[in-house]
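Quick heads-up: it's one chain on its own, the form predicted on its own, in structure tokens.
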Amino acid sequence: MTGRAHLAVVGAGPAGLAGALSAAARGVRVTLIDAAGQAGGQFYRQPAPALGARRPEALHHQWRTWRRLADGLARHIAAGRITHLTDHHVWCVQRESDSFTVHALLGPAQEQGVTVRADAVLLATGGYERVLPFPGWTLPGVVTAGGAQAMLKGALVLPGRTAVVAGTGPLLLPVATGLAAAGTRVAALVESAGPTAVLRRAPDLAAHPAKLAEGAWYAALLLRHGVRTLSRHTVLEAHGTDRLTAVTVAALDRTGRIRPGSGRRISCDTLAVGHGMLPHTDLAEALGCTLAGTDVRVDGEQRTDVRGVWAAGETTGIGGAALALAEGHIAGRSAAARLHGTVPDPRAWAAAARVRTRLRAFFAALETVYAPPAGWAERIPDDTVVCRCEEVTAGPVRTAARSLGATDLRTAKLLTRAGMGWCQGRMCAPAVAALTGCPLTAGRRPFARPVPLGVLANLPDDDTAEQ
């Protein structure tokens, strides 16, 4: 492919792939930029070819959809309509007068800068896990639920021999069943939501029978593998010295509070824990896109309010792979029409729009069912680490709000250094917000990841950009 790319798609997960394929199929030249070595994102994460996986489909469901996406990507790459840049870590997107400049860091070392020019940008940057601290959560052997899944899918590695999967949300189901199927003994699936919360939203959930069938399928897998499910329970503490040896879990009452005397200790060497996800919005925020809460706000065409910028998938709100595919398809078709100078006809993506509407309603209902248990922040002891980067414990964070008057996350950060380290608060911000009572707001970070000073000093001039 030569000349300026018409559309730069950031992220090669379901939304990015669907957007890239839709745009390329309509005559748009696409540059697909992704940090991973292979397309697929977290949901369709693939093992490295060198591992020689004989049955990679065993780690996935919706394999046929993945094959359709992968085959389509291969055809467009061969035809020169899509350029796929792997191992490119995008740290900033700049808007010029009539174009965009995408800045990335190349390879695992991330010390070499790469610049891509495009007429428009589709942000499909996905989401990241919400991590809530508790005593012992920094022990080796405690991993995020998504991290355990990534080890299994991407590296064909088991995180341990005996695992507890805990937290809340639909992600716990594929993690627990995936680990069990791969050979880990899953001692318990600990879910803080209870059946009552599900029943309260039954009419909303029943409107999407395919999702209910998927849930029933996972329930059958849990039974097949003998995984004990503890609903309306939560992890209180992880135990161990050099690494994890056990966890203590306890039952919750109807209000989400701990039932006195209900604690029980479960031996394990792995705790895979997660409490839902949050959207990746750094690039959109730096471009000036408006957010609605923690989600990038888009219109019916998946356009942000910054001209030439589309967004799709988890970055516009957590909703799973099927919703990301629908949004990516709409965004790609809309971008293609706009880049060709025409007004798109929404009837062309009516089916995808109906899927989007249904799944948005479904996941809005799920969000209320799988909220973190009430009072979780009150249970964090003062000496528990909250910000791992700066090793800030809960006590000083509480003091910042109660005694020093912090009323927003930025002030709490300045007073305590919580959120001032390598991840810039991406991990600890929900906990700091809950401990201080400050609203969880966007971080307003200029860069989406740390950038070497040498790369900043050697940014190309406007006329020397690489692509």
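Keep in mind the model is a prediction, meaning the values are calculated, not measured. Heads up: residue numbers just count along the shown sequence, starting at 1.
One more form of this protein should be noted, the form predicted in complex with a small molecule, which is absent from this view; the next part is about it.
The small molecule is not shown here, and in the predicted bound form it never comes within 4.5 Å of any heavy atom of Ala166.
Mapping the unseen interface onto this chain, Ala23 falls outside it, with no heavy atom inside 4.5 Å of the small molecule in the predicted bound form. Residue contact with the small molecule in the predicted bound form: Gly19 places no heavy atom within 4.5 Å of it. Taking the partner from the other structure, the small molecule in the predicted bound form has no heavy atom within 4.5 Å of any heavy atom of His76.
The candidate stretches are 294-302, 148-156, 372-380, 331-339, and the one lying within 4.5 Å of the small molecule in the predicted bound form by heavy atoms is 148-156.
No residue of the trio Gly194, Ala197 and Val355 has any heavy atom within 4.5 Å of the small molecule in the predicted bound form. None of Ile82, Leu283, Ala118, Val247 but one reaches within 4.5 angstroms of the small molecule in the predicted bound form through a heavy atom, and that residue is Leu283. Out of the listed residues Ala412, Ala429, Ile33, Leu435, Ile33 is the one that sits within 4.5 Å of the small molecule in the predicted bound form by at least one heavy atom.
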